[in-house]
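Shown below, as structure tokens, is a lone chain in the form predicted alone; questions about how it binds or moves come after it.
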Amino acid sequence: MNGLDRFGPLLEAWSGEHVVVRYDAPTGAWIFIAIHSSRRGVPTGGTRYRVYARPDDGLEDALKLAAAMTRKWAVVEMPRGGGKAVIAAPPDLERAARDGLLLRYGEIVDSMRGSFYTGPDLGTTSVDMDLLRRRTGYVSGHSKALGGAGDSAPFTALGIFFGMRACAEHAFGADKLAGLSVVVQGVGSVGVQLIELLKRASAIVVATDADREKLAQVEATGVEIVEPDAVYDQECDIFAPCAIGGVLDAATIARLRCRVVAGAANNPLAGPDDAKRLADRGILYAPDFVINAGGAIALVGMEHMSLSRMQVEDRLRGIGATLRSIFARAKAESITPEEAANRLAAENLAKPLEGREG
């Protein structure tokens, strides 16, 4: 079965510009680079490295993530377009084989001649970006030693923190997190950073993850731990999905015992009806492509727009302001925050371009 036969239905239903599909014979990995929109600037998005049940799932993830990047850049008014890369890898690759795969992927990115810029995402780090730079210059988020901004996780977490404060103001009447209980689903690089910020703000933190070793490290800092499946039944003020997407569907939303959903995960809603399901239960939802934009803002801002760290942090505070306006619009127009954010993104995309930074 050739690629068109296998992936044709997904590609035919997609609204983006084009997709690069490559099969890596040495490892058996599939590489998908989805370019959704170049209207506002060079398509830019992270490289996700993950094991999928089927290659088709990796392509579907890339298509959804690229579309979300278009909305993300538009909502935060950054001069970039939507793109995303997914490496659907086989399980348990040895380090040398993984490095070889990343180097070959870097050559593919380089062959696109600047029509796609990438950076770290789920499953990749600034160390991986350093490796990619051996093959291409179209990469952000490499280490400070090589002149990059380094790890994006602290910036993503900080943006989420500011966003949570805006959520708290809307849901509880004050933009303070002290005394509020927050369940963090996923203690990867962003989840851990977010937990530290929440603890400093005197929030009550509960965490879960499928990785027992990561959980043990978090538990050692005094954070309460719950089993992964029990997380949806945990009574809390804020539920923060910070792992994979698609975790909130009809079944899990019915189990939630929170007032707010706000986290780092991309596309946490499993389907188009789930935003309304949350609203019908009185749960405030912070659209993922708004609240988790901090890492993307920081890497592009510092590495391509000459923004200082202070200027980047000002933009991260702006995530909270953007959410406040989205919540106000949702209330005024009797729509969900997800729809309000989508309308804002569409309006910004439709604006005449007066020049591009970066």
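Keep in mind that this is a model prediction, so the values were computed, not measured. Heads up: residue numbers just count along the shown sequence, starting at 1.
Although it is not shown, the form predicted together with phenylalanine (PHE) is what the next lines describe.
For phenylalanine (PHE) in the model of the complex, the listed stretch (172-180, 95-103, 203-211, 114-122) containing residues with heavy atoms inside 4.5 Å is 114-122.
Under a 4.5 angstroms non-hydrogen atom cutoff, phenylalanine (PHE) in the model of the complex has Met69 among its neighbouring residues.
In the model of the complex, phenylalanine (PHE) stays beyond 4.5 Å of every heavy atom belonging to Leu316. Taking the partner from elsewhere, Ala296 is found to have a heavy atom lying within 4.5 Å of phenylalanine (PHE) in the model of the complex. In the model of the complex, phenylalanine (PHE) sits within 4.5 Å of a heavy atom of Ser152.
Scanning 229-243 for heavy atoms within 4.5 Å of phenylalanine (PHE) in the model of the complex gives no residues at all.
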